[in-house]
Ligand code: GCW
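One chain is shown next in structure tokens, namely the form predicted alone.
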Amino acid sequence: MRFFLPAALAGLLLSLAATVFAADEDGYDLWLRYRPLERAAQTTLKAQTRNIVLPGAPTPTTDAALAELQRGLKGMLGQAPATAATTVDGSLLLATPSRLPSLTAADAALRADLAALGDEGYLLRQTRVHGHKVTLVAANSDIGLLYGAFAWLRGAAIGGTAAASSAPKLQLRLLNHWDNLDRSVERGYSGQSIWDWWGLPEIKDQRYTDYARANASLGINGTVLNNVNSKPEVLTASFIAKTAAVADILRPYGIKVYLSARFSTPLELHETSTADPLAPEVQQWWKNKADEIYKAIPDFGGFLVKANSEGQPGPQDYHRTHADGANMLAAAVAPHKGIVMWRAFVYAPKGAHLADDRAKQAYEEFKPLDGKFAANVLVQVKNGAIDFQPREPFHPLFGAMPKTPLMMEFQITKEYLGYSTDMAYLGTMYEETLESDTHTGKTVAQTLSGMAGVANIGSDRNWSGSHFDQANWYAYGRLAWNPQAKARDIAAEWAALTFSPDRRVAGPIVDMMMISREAVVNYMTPLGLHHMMGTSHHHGPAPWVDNLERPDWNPVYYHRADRNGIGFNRTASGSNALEQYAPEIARQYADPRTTPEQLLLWFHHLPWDYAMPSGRTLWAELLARYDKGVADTRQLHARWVALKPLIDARRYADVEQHLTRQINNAVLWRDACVAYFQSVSGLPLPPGVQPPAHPLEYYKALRYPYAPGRG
């Protein structure tokens, strides 16, 4: 016997079913969720997408664009429109001038707009083509069409498909995976590497395609598959074949693959007698190796190199310069249009002791080499001169090497900001750095030729270890496309796509995101303090550590707290690191009264009773910042709890647990640092300031032998 339900009741049950399924999201879909729209929005969108038209022969890239449009529209509307050969009123038309020559023949404005977009840009427009009203996604290339398709879907998902055009401001927009060949991830907090080197090249996980989709939706166009602390085996024939298999999957999405190369590879593989970059046998080995790689991967991007840093081999082992080493590799890949990204993260070799300030070394080594690198070499510079700290001033090399292409290196994974446990939206940090004025006629963003982000992606179901850490991947990609974009706007976009465009949801989430990183700075390293984390694992506070082999591995080296005061003097009376900045910056920061408060102790050693703008002493202000960090973290939790009725149950519970853990982390940092600095300063706590929960020795005794991400 068959039972038939009335149409209205059937629709209600389907709606309820959809609600139930939506209530159990695991985060795998990232910002590409494509959930059903409200009825009015569906009606509007259906009228704009009666069919999808792509003139000309399909390619793997246009296939990807069409598949994404159909996936997105099916999710938002309940059904995917058909593809068609000709337009009708309400067509969604994907076209380039070569695919549809008549597209710009009679429209000078459209022709000019497209000409300004380059190879990767796109425009979205409601217009008429062949007499029909269409939604036009236009570009000069197939990859531009793919980027435009993602942009159109993004607008549709959050309630707007207005006319727009966009082109990337940076040519190179890369992820750097610190992934090892055994699938461990150095400083990774979201499971194993997504690259299953053991299974490749035969076993190709669907996750690789979804990774490509997510990156293409942001305009990321390159990925370095392996750790900068590279192994020579990655350049052997078997691993080249594995890399080629990944490249084949990523290629339709406009993503080139790159490899981190160990400088001493030919020597360690016993195929040369030296790794001296000026030795003919070494130069020939790298040329032959490049030929081998490009034969397997014709669009291989090139090499990323970490050399003469943290014990890694490099040209200085042979009394050569960084330029000597980089140019040798550049000559090998140049015939194939490849590039070399040479990292400027260097400090003295193991066992050597710096005379004054580790922050100065990269500038001292690279500034004299400006203009001496080959044309296809980019120097990749971390955002600050120490090492991805919760807050650093911008690196002095930005603006100081006008003859050398520079790449920004940001960290997306939060090595020093609470792993994937603590909420810290890094869009604000990226924006803070990119908009900094170098006083050389450019902002930091304007000095860049490319951007690299150390990926926070792993095998965890939600990709990044916590739901809110997805936002840092998203923000990095959007800022790599447009370094002038605003962190709040990006946060609003991400919140609407990832949770809901409902203002009752997106608004409070954006507010949480915008205070989150500052909360972490306050409970970890307020007022410009830095490098106070635990040894090796980089988790938790350890400002007391003073017994490591090198002075600049010890937190006491950086905060220099004693009975008289606290902070690192980088003015002319100290290490004079300020001299590496433009004179205007050096003059402003030389005086603590005109130094931004958030960088005060980065540049100055000040007495505990120094009068702060708040009217408090430095000691009281430091304590107030620690307390504010804890209070703001509690506020993050309270705001999330208030959203419970509007968030699906699974993700609500996961985030709530993370925020509870973050409160404990914040209290730990606050109490341990207050206990330590009070022991050093000998000062009493001001009235109303709570003492730490335990004596200092309790915090010193804490151990984390199995902390994740140690690599």
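In case it trips you up, residue 1 is the first one in the sequence shown, and so on. Just so you know, these numbers come straight off a predicted model, no measurement behind them.
What comes next is about the form predicted together with the named molecule, which does not appear here.
A.B. asks: Among the candidate stretches 274 to 282, 338 to 346, 136 to 144, 503 to 511, which one is within 4.5 Å of the named molecule in the model of the complex when only heavy atoms are counted?
C.D. replies: That would be stretch 338 to 346.
A.B. asks: Is residue 460 close enough to the named molecule in the model of the complex to count, meaning some heavy atom within 4.5 Å?
C.D. replies: The answer is no: residue 460 has no heavy atom within 4.5 Å of the named molecule.
A.B. asks: Does the 4.5 Å heavy atom contact test between residue 154 and the named molecule in the model of the complex come out positive?
C.D. replies: No, residue 154 stays farther than 4.5 Å from the named molecule in the model of the complex.
A.B. asks: Using heavy atoms and a 4.5 Å limit, would one call residue 227 a contact residue for the named molecule in the model of the complex?
C.D. replies: Contact with the named molecule, yes.
A.B. asks: Residue 178: heavy atom within 4.5 Å of the named molecule in the model of the complex?
C.D. replies: Flag for residue 178 set to yes.
A.B. asks: Please identify the residue among 557, 373, 416, 286 with any heavy atom within 4.5 Å of the named molecule in the model of the complex.
C.D. replies: None of the others qualify; the residue that does is 416.
A.B. asks: Note which of 268, 310, 609, 627 lies within 4.5 Å of the named molecule in the model of the complex, where distance is taken over heavy atoms; exactly one does.
C.D. replies: Here the answer is residue option 310.
A.B. asks: What residues in 515 to 538 sit within 4.5 Å of the named molecule in the model of the complex, counting heavy atoms only?
C.D. replies: Sequence-ordered list has one entry, 538.
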